[in-house]
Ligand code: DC
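Only one chain is included here, represented as structure tokens and corresponding to the form predicted on its own.
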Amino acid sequence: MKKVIAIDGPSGAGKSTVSREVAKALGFQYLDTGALYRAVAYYFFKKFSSIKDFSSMTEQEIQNELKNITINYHNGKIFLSDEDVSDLIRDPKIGEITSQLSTLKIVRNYLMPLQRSFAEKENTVAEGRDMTTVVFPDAWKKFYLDASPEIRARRRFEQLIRLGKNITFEEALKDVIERDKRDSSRENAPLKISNDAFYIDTSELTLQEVIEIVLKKVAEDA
């Protein structure tokens, strides 16, 4: 296992951008584990067209579908088979399915080996919901990024608008609140702060300030 910097936190806390920039600064590879879950969600949405069809599936049916999924991740780009779905998986509908899928142990077990395989080859900055607690409990460095629901919803809203999505701030806030509830209350690998993770509230910080805090902490403890 190579060096792993694990970064957890709720949706909209800034994990993806901070992790990507920290990885770039340190010469580590960047692993967006949320994108892996979104790719699985996109597969189900594309095949079954609705959340209702997915939610009515048995565990065995889900297992059979997982066997048909091939996910590849290169330089921040996510591929489902040979299709680049990096932008497609950011649709709010996919986010909703992802939040439901991530509660299923069978899905988490499917993606666990894939996530860990990255750190076997290169030093990695891995971000997600359970990087510090489940996937990489022995990570070299651990961080937890947080922010108020309103701030996170604003960030999410602006991101989706830039992607050309039709969404209101109220819808973004509702999505953030509902996702927080699902992520923190799910039975399998709930979102929580690891006892040995360095906590950063990003609400009043600029992106660059957060990056500098992470890099300084890594350098101090190196």
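Being a predicted model, the structure only gives us computed values, none of them experimental. The first residue of the sequence shown is number 1, and the count goes up from there.
Separately, the form predicted together with the named molecule exists; it is not shown, and the next lines address it.
- Of the candidate stretches 166-174, 34-42, 193-201, 58-66, only 34-42 contains residues with a heavy atom within 4.5 Å of the named molecule in the predicted complex.
- The shortest heavy atom separation between Arg155 and the named molecule in the predicted complex exceeds 4.5 Å.
- In the predicted complex, at least one heavy atom of Ser99 sits within 4.5 Å of a heavy atom of the named molecule.
- The closest heavy atom approach of Met131 to the named molecule in the predicted complex falls within 4.5 Å.
- Heavy atoms of Lys141 never reach within 4.5 Å of the named molecule in the predicted complex, leaving it off the interface.
- Candidate site formed by Arg20, Lys24 and Glu212: none of these residues places a non-hydrogen atom within 4.5 angstroms of the named molecule in the predicted complex.
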